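Single chain ahead, written as structure tokens, the form predicted alone.
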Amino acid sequence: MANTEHYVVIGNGVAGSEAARHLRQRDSDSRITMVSAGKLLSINRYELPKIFSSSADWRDFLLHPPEYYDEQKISVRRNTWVSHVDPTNKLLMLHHREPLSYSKLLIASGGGRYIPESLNQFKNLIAKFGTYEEAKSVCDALPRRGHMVMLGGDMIGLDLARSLVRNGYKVTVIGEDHLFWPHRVEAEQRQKFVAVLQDMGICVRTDVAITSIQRGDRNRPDRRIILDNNEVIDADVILSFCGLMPSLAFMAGAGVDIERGVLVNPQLRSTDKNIWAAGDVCQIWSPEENQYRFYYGWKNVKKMGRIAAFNMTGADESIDTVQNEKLVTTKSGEIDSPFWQYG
């Protein structure tokens, strides 16, 4: 009997889930294992803002129903962390010291929140919003018509902000350096887009810096933000949306080229012939810009999952490294972004 491939996918977000789906379609006899630190099956985290707009159940966010994985013979290892990767022996070491072999590996571990160094000392007072459990915790902590303060204001955060405002919450964004990330907005355009956000009902502060974050006093909102002009802002919940930090600690010492993310060619292959990467965790070589760069958003991440699966099974497809990433104003007077195009 011929040896079957064992495809291992680290991460079960949109990129990892899409890759596993296409791996099975293209190779019906292979073993496919998804390893995820999360406790749930694959969800679309881009839709997490919907948790504030209805009595959403965790099942509403699943990319596939539970029976799908059995039908497709895809093994999912949930609540499982990878400690390190040994490419020489094609081996993963899991956190509980179990070895897991692979023939081809896809790194789709995504990215976690980034907190600037100046605010890192306050990280325990800043809530998380990257998983369903974290989003549900924030939803429970935010009283009806409560006040959310958002640090940074990247496009993932602004998507949440517009959803909150539409549902009757108050949102204040404090940020300058990370506002509109990952868009590259010229200085003369920035104020125009800030004005549009204000018209959408989102309060934006770019004229101040945070000097301290404290717990709220009794009978007051849970958090107090002290600004450099001595102004105090009370908040029910504080979130950081200052871009993403690739989740790659397990790749230390693996011998694969890494800058901020895993460096891959337009076919999503790393410097190891048996390792690919997809999603927010990889930097893709752009011949047009003569540099490695990240490509964000649901459409890009999903496409990467498909391309990685195709190339892991013998194809030679490339991702389009020239893309329209312009921030625009719609006819209705709101901001729109290609990073908000998902479904």
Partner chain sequence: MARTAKQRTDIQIAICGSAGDGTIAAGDILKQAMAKAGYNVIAFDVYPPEIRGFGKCIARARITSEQVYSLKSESDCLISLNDSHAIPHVSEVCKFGTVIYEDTPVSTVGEGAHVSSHLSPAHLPYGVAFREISERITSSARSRNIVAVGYLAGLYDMPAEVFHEVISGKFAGKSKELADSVGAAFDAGFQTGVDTFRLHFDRIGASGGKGKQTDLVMMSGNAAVVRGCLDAGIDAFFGYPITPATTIMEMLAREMPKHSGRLLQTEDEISAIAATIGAGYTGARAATATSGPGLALMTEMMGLGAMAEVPAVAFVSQRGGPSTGMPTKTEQSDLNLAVFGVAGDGQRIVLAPTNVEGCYKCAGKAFEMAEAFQTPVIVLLDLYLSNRYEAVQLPSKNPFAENCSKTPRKNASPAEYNRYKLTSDGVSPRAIPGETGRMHTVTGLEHDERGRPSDQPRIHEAMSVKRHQKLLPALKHPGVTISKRFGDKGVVDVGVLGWGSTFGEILEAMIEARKEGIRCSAMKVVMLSPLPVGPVKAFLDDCNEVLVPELNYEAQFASLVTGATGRPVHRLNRVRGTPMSVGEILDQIRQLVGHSGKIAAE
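What you see is a predicted model; the values in this text were computed from it and never measured. Numbering follows the first chain given and starts at 1.
The discussion below concerns the form predicted in complex with its partner chain, not included here.
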> Does Arg218 make contact with its partner chain in the predicted complex, using a 4.5 Å heavy atom cut-off?
Replying inline: no
> Taking 4.5 angstroms as the cut-off for heavy atoms, does Glu289 touch its partner chain in the predicted complex?
Replying inline: no
>> Please tell me whether any heavy atom belonging to Lys39 falls inside 4.5 Å of a heavy atom of its partner chain, as the geometry stands in the predicted complex.
In response: yes
>> Contact with its partner chain in the predicted complex for Phe52, defined as at least one heavy atom pair within 4.5 Å: yes or no?
In response: no
>> Tell me which stretch of 277-285, 309-317, 62-70, 293-301 has a heavy atom within 4.5 angstroms of its partner chain in the predicted complex.
In response: 62-70
> With its partner chain left out of view, which of Lys136, Arg166, Lys192, Arg145 would have a heavy atom within 4.5 Å of it in the predicted complex?
Replying inline: Lys136
>> Please identify the residue among Thr206, Thr172, Ser103, Thr80 with any heavy atom within 4.5 Å of its partner chain in the predicted complex.
In response: Thr80
> For 89-107: residues with a non-hydrogen atom within 4.5 angstroms of its partner chain in the predicted complex?
Replying inline: Met93, His95, His96, Arg97, Glu98, Pro99, Leu100, Ser101
